[in-house]
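Shown here is one chain on its own, the form predicted on its own, set out as structure tokens.
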């Protein structure tokens, strides 16, 4: 892109906030309820048979992992569906791009808005786990930051997917073949140490895994310099998917 004017971002955020005021109850209800269902159904249900895992109560293990579930659902799905609907059906982007706003500013503005929202939603499962044995720590204040940077890359991924597909029904392929494995092979509900060794290599390219590692380090007070690798991995993922998103949506909207 010829330029990137950060002054465009507040205008995009303002528009998103005005619209969000109209539908926030439904979005908030879904974003909070789904990970809590996983927490109570799996954490307490399976926890009745598995008392501890990796030296902690199973419900605490799942509760910290459910943060990643909330992040995934609250970021990549809006990135896919909201972007596709605004571009194809509502033609919202045509109107926005008739102003001096560029595609890069539009995609980054929407992604940062969704990520900020996800930083709040993603912290709810962690708070809900405290009554079940998760000890409060000051380092938990870093969890919203982890949710934000994780959601940023995942939102960009959703935007990229929305620019690749031709019909909205094609999202089901990505949900089944990409998003589901990212969630379940990440240490959310069971440690990946029990899987074959090659899964450890695969997990290094899984942003959900790095999100969970950072969340658990923050919740259990085990943050170290090695945790910076997870931050770096999430940052690299956001840069890569952001570049893909901007290039793909530029082709769809401009060329």
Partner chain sequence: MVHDPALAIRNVTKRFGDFTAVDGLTLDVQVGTCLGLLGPNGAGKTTLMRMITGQTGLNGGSISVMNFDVTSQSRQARSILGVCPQQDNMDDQQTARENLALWAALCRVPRSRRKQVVADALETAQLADRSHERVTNLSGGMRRRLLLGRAFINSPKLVLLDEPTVGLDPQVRSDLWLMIDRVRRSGVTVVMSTHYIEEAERLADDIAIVNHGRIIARGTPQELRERHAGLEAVEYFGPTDVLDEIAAKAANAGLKSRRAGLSISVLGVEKVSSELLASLGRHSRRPTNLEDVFVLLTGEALDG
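Positions refer to the first chain, counted from 1. Source: prediction; values computed, not measured.
Not on display, but discussed next: the form predicted together with its partner chain.
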| item | value |
| --- | --- |
| Non-hydrogen atom contact residue 133 with its partner chain in the predicted bound form at 4.5 angstroms | no |
| Contact of residue 233 with its partner chain in the predicted bound form (heavy atom, 4.5 Å) | no |
| is_contact(residue 119, its partner chain) in the predicted bound form, heavy atom dist at most 4.5 Å | no |
| Contact of residue 169 with its partner chain in the predicted bound form (heavy atom, 4.5 Å) | no |
| Region of this chain that lies against its partner chain in the predicted bound form, out of 139-147, 180-188, 156-164, 101-109 [heavy atom, 4.5 Å] | 101-109 |
| Any residue of 125-164 that, in the predicted bound form, places a heavy atom within 4.5 Å of its partner chain | none |
